[in-house]
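Read the single chain below, which is given as C-alpha cells and is the form predicted on its own.
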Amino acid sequence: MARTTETTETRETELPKGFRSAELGWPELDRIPHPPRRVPLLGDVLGVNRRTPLQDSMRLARDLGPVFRRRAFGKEFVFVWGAALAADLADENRFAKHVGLGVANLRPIAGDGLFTAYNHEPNWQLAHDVLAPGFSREAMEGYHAMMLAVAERLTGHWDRETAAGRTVDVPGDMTKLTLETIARTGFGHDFGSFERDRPHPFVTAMVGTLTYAQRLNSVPGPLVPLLLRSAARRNAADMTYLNRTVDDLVAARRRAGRGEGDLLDRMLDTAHPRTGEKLSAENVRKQVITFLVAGHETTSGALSFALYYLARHPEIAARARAEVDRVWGDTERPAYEQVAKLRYVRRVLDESLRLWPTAPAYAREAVRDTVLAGDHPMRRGAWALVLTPMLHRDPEVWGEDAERFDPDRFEAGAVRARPPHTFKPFGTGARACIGRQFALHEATLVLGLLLRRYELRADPAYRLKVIERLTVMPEGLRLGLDRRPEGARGRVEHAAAAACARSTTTTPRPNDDTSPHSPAGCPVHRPAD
C-alpha cells in the first residue's frame, strides 16, 4: 500500500541506525535471524543457486527457524513458515495479500488480473464477483464432460506410447492435459496439444514469461538492462505471442456471438449484479491469460507430483486403485458426483500438495500497525513471504516424519485435529485461488481414470529433481505403464495384497520423501472412509 512521504520520514527517524528504506516496516528486524557470511552490497548470495531460490530458502529455513530474513542487493525479505506465524498472517482483519517478488514481475503480462491485481485495484473485486458463479457446483457439473473428453485424449496418447514400449513424459503430458482442459471448459478453444510432437507455442511462451519473472528476482534492478538484455527481448516476444493468441481467441468468440456459457462468455457479457459494470476489453485479455496460465500450470504440477509418489509407493497406488474400482465399478465414464467419492485418491492429491505445493509461497502485508504472533512488530505495509512447503513440513503440526509421504494425514479425523491455517496450497483469505475446486475436481478425476487403466512403473534410477519457474514441477519424470486388462477390477485385491507384500520388505531411508512408505500392516485392507 502507498505510504505518504511524511510517514516514511517519521519511520526512518524511529528506526535503529543503519536501517535502509527497504527495511521499513520491521522496527525490530535485527531480532530475526539471517544466513551467516553476508557479503557487503550483495547480501546473502554465498551458496545461492539462482535457478533454485525456493529450495535454497527451504534449506535455510531448516537452519534458521520459523521466521528468518535474506538480503539481496540492498533489499531485505522476511520469510515465515512456522504454523503459529502463518496462522496469524491469515487474519484478514490485520493482513491482506501482498503482490511482490515474482508475482509483481508478471504484471506486464497479467496486469490487474485476479492473481496479480493490487488490493486497491477495482478490477479485482469486479472480476471476482462476475466470475465466481463460473465455479459453482452447477457450472462445475457442466465442465465435467469436457474434462472427461480431454482425459480420454490423454489415455489414448498413453495407450499408443505403451503399445510402442515407450515410457511417458509425465510433466509434459500433464501440461497438455491441463492446458486443453482449461482452454476447452473456460474458453471453448482447442490447442491441439496431443496432436503435436512438441509443446504448443503458448506453453513455450508461458514458460518463458514465468522463468523470466523469476530471474528478475536474482538481478539488481539497475543491472537488468545489462545482464538480461537478450532474455528481455525473448520475454517481450513471448508476451506478444500470448497477447496475440488471447486476442484471437476473444475475437473469434465475439464473431460467433456466444459460446456455451463458459468463463469467456461471463467475461464478455456479464454485468456486476449490483453496479451493472462490465469488464473492459483490456481486462478481459488479462483475465484470460491469468486463467490459461494459472489454470493449467499449477494443476499439471500437482498431477505430476501425485503420479511420482504413486509410482514410488505401489502399496498406496494399490489402495487408491482399489477405491476407484469399488466406487466407480464398471462405469466407463464416471459421473460428476462419483468423483467426490474418491476420498482416498483425494488424500493422495492433498499429500502431494502438502510436500510440493505447486504455487510454493504467498505474501501477506499488514493493513495496519500490528505485532505478528505477539512477538514481531510490523508497521502498516510491511510484508512477509509464507514458505508453503516448509509450513507443510512444520514438525510441530505434521510430526517428526513430516518428510514422509502418507495420505492418511488427510483422514477426516486427522484433519479435524490439526490447527487451522496449516495446509495452504491455494493461498489464503479473500485472495485465495478462485479455481481451487475446479483444479481439485479435475485432478481427482484424472488420477482415478489413470489408476483404473494403468499400473505405474517407476524408474529405480530416478531421483526427484524439482524445477522452479515461480511454480514447481518434477523435472525429467518418466513412467512406465502396464495397461490393466479388461476385467482387472475383479483381481484388484490380489494385486493390492502383492503390492503390500512388496512394500513391507523395503527398508525406508529416514527423512527421504522418495523412500517407500511402510506402514504397519497392509494399507489396502484398512477400513473405508
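Note that the coordinates shown come from a computational prediction; the quantities given were computed from them, not determined experimentally. Heads up: residue numbers just count along the shown sequence, starting at 1.
The same protein also has a form predicted together with a small molecule, omitted here; what follows describes it.
Heavy atoms of every residue among 291, 353 and 431 are located within 4.5 Å of the small molecule in the predicted bound form. Among the residues 320, 384, 302, 86, the one placing a heavy atom within 4.5 Å of the small molecule in the predicted bound form is 302. Just one of 344, 308, 212, 426 comes within 4.5 Å of the small molecule in the predicted bound form, counting any heavy atom, and that one is 426. Picking from 327-335, 356-364, 272-280, 155-163 the stretch near the small molecule in the predicted bound form, with a 4.5 Å limit on heavy atoms, gives 356-364.
Put simply, residue 114 is close to the small molecule in the predicted bound form: some heavy atom of it is within 4.5 Å. Although the partner is absent here, residue 151 lies well away from the small molecule in the predicted bound form, with no heavy atom inside 4.5 Å. Proximity of residue 102 to the small molecule in the predicted bound form: non-hydrogen atoms within 4.5 Å are absent; the residue sits far from the partner.
For the chain shown alone, residue 97 is a contact residue for the small molecule in the predicted bound form, at least one non-hydrogen atom being within 4.5 angstroms.
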